[in-house]
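Here we start with a single chain on its own, the form predicted on its own, put down as structure tokens.
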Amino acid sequence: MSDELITADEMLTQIDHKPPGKGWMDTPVNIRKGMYCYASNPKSVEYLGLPNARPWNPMEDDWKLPDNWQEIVHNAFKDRLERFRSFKVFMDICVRCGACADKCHFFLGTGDPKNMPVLRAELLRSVYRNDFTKLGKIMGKLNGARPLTIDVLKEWWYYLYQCTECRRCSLFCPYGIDTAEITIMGREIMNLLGLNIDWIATPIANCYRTGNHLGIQPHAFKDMIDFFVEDIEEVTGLALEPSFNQKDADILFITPSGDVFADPGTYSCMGYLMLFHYLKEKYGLKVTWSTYASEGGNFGFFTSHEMMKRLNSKMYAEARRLGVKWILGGECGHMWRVIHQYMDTMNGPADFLEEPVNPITGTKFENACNTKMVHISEFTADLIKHGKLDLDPSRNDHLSVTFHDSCNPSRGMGMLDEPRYVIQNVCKNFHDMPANTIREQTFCCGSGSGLNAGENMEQRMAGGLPRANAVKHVHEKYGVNMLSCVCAVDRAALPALMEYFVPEVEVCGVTELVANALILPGEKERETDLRMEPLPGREEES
């Protein structure tokens, strides 16, 4: 945690939700450190083929824009209004009722009116009215219109990157406006001016280059998995032999590269390996990993539709190359929203793969009939329901667990019950957070959509406040000490949030809990969990 970050108590006292004294158009943008991510590296921008690659600093007056930047924005705005009917509708139908205002975690955590979803979208709507509506051209500010100036553009950049595109606001809009789609369009337009952040541009460039956002090369990816195999052998006494790039495998498994790189995601990765070993030993199921399509996440989602499409296609190209039947996906967030809400219109259905059927239980995953990709939690829940896993839930007795519904699998995919079903079958102590903070109404981690950097820690902690507050509630009421989730960004972001607001609570993936409880054929008597912590009853021996 940055030494410059104010304390949690100080952050809470500075939040002010009272209406401002001046109108929002008359309040200039104040870009300050801790509330934004660094500008994109020009080498990454150039590698991606995006325009206006150059070094620039958001804190400087000159953002080094093209001379005709206003024309570029106008034409891009017009093009997207014509291509995307939803964007045009969302620009027109908002009545500014404010139903979404207090639903955004960034507004709740900062008190900044421009973080209300309605007002964040109004930053774009005001320019839309000025440039594309008769009333806006005639009445100007009286109709909520304003011309696009450099200060307006800077306001776009600052606040569109204070949105995690979690879509909680859309759940409460009486007109069904998806403000995240407006954020996506605004970011896409700004990318035409070279206005991106490095926590997005460089991971995408890495993904083009090596197949994953972290830039891990194929041999290094395998080496990381081999390290996990050694750790698993220490815990279980078994030497696992995972498969890589196997052409006669039944299933291709793809997970976010964060699971292979950083704790606590690494424990989820160990969990995947143990589950696949179990299924191979007991049922002969052949699951393979790819060292080339080694990324389930899709940071292109935060840049443009074209970037999203290109990154999504690599997984299916690898599935075709290997000749697998279907794809199993790990615990990721934005991967699943892209697959379930965009893929069919972007890349088309994956007709060359089989409709996913669990070869062990016979269950047909009808929700994946087009995408041919099944979530690991769906798959595991199905195995548990049919009694195909040998489990010892007492190994997780030292944990009191709650579950964070990651925004994209919950609101974007509709997966609400399966992870809970899995957790309740591998843990005895489970407690949900308050009803208005979970499931469809879940609060965001505050660091999604490419905002999980280190330089914007104040922004992240402010945005994560509502989630942390709900965790604190169940910690104090039920003694919850573990926050589980099914998203790699959450596993990267939530530990810092817990350390800041609820330091007694740790973070894990659901498959880590499964692996702790899973009884592998031929394993030695376990003394520790995957984190090398003593199992309940083994504390004195350690």
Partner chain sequence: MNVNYIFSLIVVLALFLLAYVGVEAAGLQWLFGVVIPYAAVLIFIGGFISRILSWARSPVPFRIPTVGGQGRSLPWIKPNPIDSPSSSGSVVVRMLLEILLFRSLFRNTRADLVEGDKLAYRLEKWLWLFSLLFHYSFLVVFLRHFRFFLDPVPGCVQLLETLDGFLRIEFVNDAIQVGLPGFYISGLVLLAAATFLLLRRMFSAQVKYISLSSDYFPLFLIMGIAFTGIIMRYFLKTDIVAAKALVMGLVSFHPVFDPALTKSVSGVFYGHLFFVCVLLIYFPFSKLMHLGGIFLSPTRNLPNDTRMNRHVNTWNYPVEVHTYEEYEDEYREKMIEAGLPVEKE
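Numbering follows the first chain given and starts at 1. Computed from a predicted structure; not experimentally measured.
Keep in mind that the form predicted together with the partner chain is not shown, yet the notes after this line are about it.
Of the stretches 231 to 239, 273 to 281, 367 to 375, 387 to 395, only 367 to 375 has residues with a heavy atom within 4.5 Å of the partner chain in the predicted complex.
Comment: the partner chain is not present in this chain, but in the predicted complex one of 154, 146, 431, 314 has a heavy atom within 4.5 Å of it, namely 314.
Only one of the listed residues (158, 261, 326, 244) places a non-hydrogen atom within 4.5 angstroms of the partner chain in the predicted complex, and that residue is 244. Shown here without its partner, the chain carries 181, 222 and 413, all of which come within 4.5 Å of the partner chain in the predicted complex through at least one heavy atom. Taking the partner from the other structure, the partner chain in the predicted complex has no heavy atom within 4.5 Å of any heavy atom of residue 423. Though the partner is left out of this view, residue 19 does reach within 4.5 Å of the partner chain in the predicted complex, counting heavy atoms only. Heavy atoms of residue 90 reach within 4.5 Å of the partner chain in the predicted complex, making it an interface residue.
Taking non-hydrogen atoms only, residue 118 approaches the partner chain to within 4.5 angstroms in the predicted complex. For the partner-free chain shown, 305, 306, 309, 310, 313, 314 of 301 to 317 come within 4.5 angstroms of the partner chain in the predicted complex, judged by any non-hydrogen atom.
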